[in-house]
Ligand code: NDP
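The chain below stands alone, shown as structure tokens; this is the form predicted on its own.
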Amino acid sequence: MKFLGLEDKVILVTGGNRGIGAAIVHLLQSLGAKVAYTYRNEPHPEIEAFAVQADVTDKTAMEMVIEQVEQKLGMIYGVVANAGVTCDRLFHKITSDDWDTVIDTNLKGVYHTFSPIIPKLYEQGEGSLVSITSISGERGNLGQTNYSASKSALIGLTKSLAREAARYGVRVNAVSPGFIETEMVQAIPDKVKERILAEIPLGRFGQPEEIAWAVAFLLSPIASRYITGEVLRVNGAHHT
């Protein structure tokens, strides 16, 4: 498929070894991109992309990832900040460690991911950055104050960085998934799932591939070249 213009574009995906991240890597490869991804523990056994072990909470490690990817594949065009964690508890039960773990990965980790590549994108005069936020960051969710805070902050980061980067030809956007069929949703008790499904007009949970297509659209130098600073909701009208 050549209509998105991603052929031979070098794209880095953080947390690309499972779930939504793995779906993004797989789709981008099928669209002709040269894809690298980071993983923290185990690489995906079936994805033939350039895999680099790194933790997004480590700024130096992420700087090294950028260098390794460029040495292996060439100048980076796009980055998808997908790596994230949850540590769900009611607010009065959240510990400082719970808070820091989620913020350090979901928010500070995006800073560590974007900051070493931004000057390079500015210099080459093009590029596309996409972060994965969440419906929880837009409407909140019971037991997810730390997660919601981190994902809401990504929306502010996206909008502000888009204004800074536009003059250099670099676009910055975010995708906001609703409830997607991943390990996170599979772990939800059945009764809770039923209540969530009742709130979704399309009547089903989303698929990782549906998030991947939204990401590919925002990365595209053809399909979304005049779109920046936006949050693309993919949630079956659960939140509009």
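The first residue of the shown sequence is 1; numbering continues from there. Keep in mind that what you see is a predicted model, and the values were worked out from it rather than measured.
Another form, the form predicted together with the named molecule, is not on view; read the next lines as being about it.
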Check your understanding: Among 90-98, 71-79, 158-166, 126-134, which stretch has residues with heavy atoms no more than 4.5 Å from the named molecule in the predicted bound form?
Key -> 126-134
Point to revise | in the predicted bound form, Asn41 touching the named molecule (heavy atom, 4.5 Å) | key: yes
Review point. Do Lys151 and the named molecule come within 4.5 Å of each other in the predicted bound form, heavy atoms counted?
Key: yes
Exercise for review: Could you confirm whether Ile47 comes within 4.5 Å of the named molecule in the predicted bound form, counting heavy atoms only?
Suggested key: no
Review point. Quick one: does Arg225 come within 4.5 Å of the named molecule in the predicted bound form, counting heavy atoms only?
Key: no
**Study point:** Interface residue in the predicted bound form among Val215, Val56, Ala36, Ala33, criterion: non-hydrogen atom within 4.5 angstroms of the named molecule
**Key:** Val56
Check your understanding: Which residue, Val185, Ala61, Ile196, Ala51, has a heavy atom that falls within 4.5 Å of the named molecule in the predicted bound form?
Key -> Val185
Exercise for review: Determine the residues of 67-99 with a heavy atom within 4.5 Å of the named molecule in the predicted bound form and present them in sequence order; the list may be empty.
Suggested key: Asn82, Ala83, Gly84, Val85
